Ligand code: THG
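Coming up is one lone chain in structure tokens, specifically the form predicted alone.
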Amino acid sequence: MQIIGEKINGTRKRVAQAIAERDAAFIADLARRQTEAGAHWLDVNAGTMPAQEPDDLLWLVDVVQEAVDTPLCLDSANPKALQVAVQAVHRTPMINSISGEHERLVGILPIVVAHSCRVIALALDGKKIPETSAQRMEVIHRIMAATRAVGVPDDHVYIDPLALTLATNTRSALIALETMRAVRTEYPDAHLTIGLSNISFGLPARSYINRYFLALAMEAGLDCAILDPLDRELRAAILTTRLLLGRDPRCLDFIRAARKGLFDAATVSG
């Protein structure tokens, strides 16, 4: 299970402040703590206005790379910002994201190809979010046709079936899970990722929703997620789900995590 650390995102008030004030120490600390918690990629999202975004994203890239060696996930819909940032990375990044929207494919896919990046592909066509799994698969078929046409390997594509908040549609999780299963059947070499916290937005006790949805999604084929790696309960949920799905040979990962104290002492002793 690949983890994309979600914390360095300019839509978060404290991160936006750090970007505006060029508070490198705050950003570097987020990068280090997420890496130490096991993040495989660090999402970097400036979240600023298009004219300012190239400078802000480049600053984030430089600060994070001074702090850690973890690969970056460049998070922007702005081709100009991505083009600047991708030139500055030390390791081949992931790009977040393309979609079925023509402008995104035309503007961002050439960057993906030129730099042999992995790319997140949203099941979104730019008009509105498809309401059903079948409609989302129609968008995914178009995206996969486009990536294949320019030579992007299927295993470099991370398909995001979209996890919308249950607060506005109680079938959101079911639609996302159905889409995941369809993707896994039709594009077995592609990866599946998701912005995990979206599913619980606007609801109380969000960590419970995120945790149980993550377990269901992993059973449906999810092998990557954008989440908070500092959340110990989420990390415990990943290890436990891998164990239950037979993906932890001899239970070694689970046992090592327990010995390192990832799980509550009362739970371990019980």
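The structure presented is a predicted model; accordingly, all values stated were derived computationally and were not measured. In this text, residue numbers run from 1 along the sequence as written.
This next part talks about the form predicted in complex with this ligand, which is not shown.
- Proximity of I226 to this ligand in the predicted bound form: non-hydrogen atoms within 4.5 Å are present.
- This ligand in the predicted bound form comes within 4.5 Å of no heavy atom belonging to P130.
- Within 4.5 Å of some heavy atom of this ligand in the predicted bound form lies at least one heavy atom of K13.
- This ligand in the predicted bound form is approached by F201, whose closest heavy atom lies within 4.5 angstroms of it.
- For the three residues E6, L122 and S197, a heavy atom within 4.5 Å of this ligand turns up in the predicted bound form in every case.
- Contact annotation: this ligand lies within 4.5 Å of heavy atoms from the stretch 201 to 209 in the predicted bound form, the single such stretch among 233 to 241, 50 to 58, 201 to 209, 63 to 71.
- Although this ligand is not shown here, in the predicted bound form the stretch 73 to 93 places heavy atoms of just one residue, D75, within 4.5 Å of it.
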